[in-house]
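The data below hold one chain only, encoded as structure tokens and taken in the form predicted alone.
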């Protein structure tokens, strides 16, 4: 993919995120990667969504983390995106928001449980929350360490980032990812929905039992994996 095409794609994704209702002000960002070229594009830091153009999108080297061909500063979350792209090889796009209900769970340091089929259609199990970051991690290379603690969460729990393409960063907010930037936005939308549902389930029936494993398996695997049969060929 040529650089102008990648910038155009990521620009469109950022505008879609702005229209989604998941962000306010300049909170949040979308990036997309071209692994063949070794670069990803991301929203510039602090620029309002309504002022964005494709030319504003900042290219970043996957190898060095440095900006390429841009005088603008990339999003302050760029180093987090970089660590996720490096660790999750199938990841083609990343979204970060402070969407209301997902952020509630992040600030409560509480995973979003898989309590039904809507959740299982997208996330093969609970959406995890990271451990709190240490003072040293916050004060030195904060954004990079945010990415590293996400990677640590998945490796420590032996979770597949393909099966659960979302995480809650403790006391911060959600990150989602997918095959491309638009799939990552779809996962951010669904994450906010299941967070809202889970909040209400906890209020209505705090002791409600989780679904049987076979039901979770059925709903996830009929949409994902080699034997998926949902949708059209």
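Predicted model only: the values in this text are computed from it and were never measured. Positions refer to the first chain, counted from 1.
Below: the form predicted together with a further copy of the same chain, not depicted.
Student: a further copy of the same chain in the model of the complex: within 4.5 Å of a heavy atom of each of 77, 132 and 196?
Tutor: All of them do, each having a heavy atom within 4.5 Å of the partner.
Student: Given that the partner is absent here, state which listed stretch (59-67, 160-168, 33-41, 184-192) has heavy atoms within 4.5 Å of a further copy of the same chain in the model of the complex.
Tutor: Partner-contacting stretch among the options: 184-192.
Student: With the cut-off set at 4.5 Å between non-hydrogen atoms, does residue 116 touch a further copy of the same chain in the model of the complex?
Tutor: Judged by the heavy-atom cut-off of 4.5 Å, residue 116 is in contact with a further copy of the same chain in the model of the complex.
Student: Determine whether any heavy atom of residue 224 comes within 4.5 Å of a heavy atom of a further copy of the same chain in the model of the complex, and answer yes or no.
Tutor: Judged by the heavy-atom cut-off of 4.5 Å, residue 224 is well away from a further copy of the same chain in the model of the complex.
Student: Is residue 103 close to a further copy of the same chain in the model of the complex, meaning a heavy atom pair under 4.5 Å apart or at it?
Tutor: Yes, contact at 4.5 Å.
Student: Could you tell me if residue 107 has a non-hydrogen atom within 4.5 Å of a further copy of the same chain in the model of the complex?
Tutor: Looking in the model of the complex, residue contacts with a further copy of the same chain include residue 107, since a heavy atom lies within 4.5 Å.
Student: Check each residue of 180-212 against a further copy of the same chain in the model of the complex and list those with a heavy atom within 4.5 Å, in sequence order.
Tutor: Read in sequence order, the residues that approach a further copy of the same chain (within 4.5 Å, in the model of the complex) are 189, 190, 193, 196, 197, 199, 200, 201, 202, 203, 204, 206, 208, 209, 210, 211, 212.
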